[in-house]
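Here you get one chain, nothing else, as structure tokens; it is the form predicted alone.
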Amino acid sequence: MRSTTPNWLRWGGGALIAVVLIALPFQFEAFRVNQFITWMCIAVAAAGLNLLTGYNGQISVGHGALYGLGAYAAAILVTRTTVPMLLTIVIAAVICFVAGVAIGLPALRIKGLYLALVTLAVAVLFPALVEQFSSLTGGGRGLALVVPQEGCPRGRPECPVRWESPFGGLENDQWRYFLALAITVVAFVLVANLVKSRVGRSLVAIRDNDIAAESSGINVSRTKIITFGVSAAIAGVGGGMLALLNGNPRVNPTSFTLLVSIYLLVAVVVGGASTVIGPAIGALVYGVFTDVIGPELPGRFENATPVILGVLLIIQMLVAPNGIVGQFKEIQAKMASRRSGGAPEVHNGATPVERDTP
């Protein structure tokens, strides 16, 4: 279904967003720019989860572990090999793809709540695996991103890995921001092209009715496994970005607990499942709440931030169950219907415009 948004509004809105994104790192201090980078990492990982859960209907509560696997894979490659840093993110994505395929194999026989429990077990086990292989991962202390370099301060043999800006007018944090932004844009463009392709239509067909999809000639088993792998690879890209670009010279296992998996799922739900841009908006909402609004709350509400977030999520589900983007598309469809004098067709409570439309 074609979008009813006028072309001039779409292009104008896109241009405005581009200008804002380019101007952001020049308007804030380095610590805030690092937070923006973290938000982009979450957005990319959530985009991978949305491909699996929103478009293919496979519920995963373990993408925080795949997010962490990508971070540790990139960090280990940087500290123990001479592979260029950007290439380590690609290799981390490949490693996560293989892990995603392995985790997705049970999806051939189970689905729904049972698949969610399998992925939940993966999320719970990941910190324990990090501890088990502490010689490689650093264990509970985390993995420091340091490599032998010349001229380290205080005569130390190793210095933290740093991204040096090749442009004189850019600070290092600004350069890392633009690298993260470029990777994020590429990831979302790839997801958008994928869901608009024949493969994307196959994902939606399997989600809606896998038996009917099988009878239509779609290889359901292969599609489910590959989707799990691609989703994990995208989450791994987000993790690699987090390890190398957010300004923290250490990867900690506490950054990849079960809560991270839940937050990724929250980003998908809040932004709008089955929409390409939804995870980015959900990650933005989550980041603004936790990093901007949360610290400004009175002291007595400091420990209640997750509870407040949960209450707001419940309210949003009551008001806009299809997420922010889904609600916008529903309003857009109603306005178009009023202009045309008809009523929008409804499928299971959702207008065609909002379903599976990027």
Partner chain sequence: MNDFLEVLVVGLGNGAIYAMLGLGLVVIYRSTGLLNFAQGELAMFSTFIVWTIWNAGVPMWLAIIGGMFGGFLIGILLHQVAVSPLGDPHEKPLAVVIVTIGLFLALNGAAQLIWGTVDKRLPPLFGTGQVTIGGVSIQWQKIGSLLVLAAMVGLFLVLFQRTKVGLAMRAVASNSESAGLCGVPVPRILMLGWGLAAATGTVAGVFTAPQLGLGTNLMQLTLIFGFAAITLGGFDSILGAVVGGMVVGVLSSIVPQYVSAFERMPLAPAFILILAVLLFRPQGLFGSKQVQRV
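Keep in mind it's a predicted model, so treat the numbers as computed, not measured. Positions refer to the first chain, counted from 1.
Absent from the display: the form predicted together with the partner chain. The rest refers to it.
Contact with the partner chain in the model of the complex, defined as a heavy atom within 4.5 Å, holds for exactly one of 226, 204, 110, 85, namely 110. 211 is the sole member of 182, 189, 136, 211 with a non-hydrogen atom within 4.5 Å of the partner chain in the model of the complex. With the partner chain omitted here, the record of contacts in the model of the complex names 125-133 of 189-197, 125-133, 226-234, 72-80, defined by a heavy atom within 4.5 Å. The partner chain is not drawn, but in the model of the complex it has no heavy atom within 4.5 Å of residue 56.
A residue is said to contact a partner when one of its heavy atoms sits within 4.5 Å of a partner heavy atom; residue 97 fails this definition for the partner chain in the model of the complex, lying far away. Contact check for residue 277: every heavy atom lies farther than 4.5 Å from the partner chain in the model of the complex. In the model of the complex, the partner chain stays beyond 4.5 Å of every heavy atom belonging to residue 37. Scanning 247-273 for heavy atoms within 4.5 Å of the partner chain in the model of the complex gives 258, 259, 262, 263, 265, 266, 269, 273 in sequence order.
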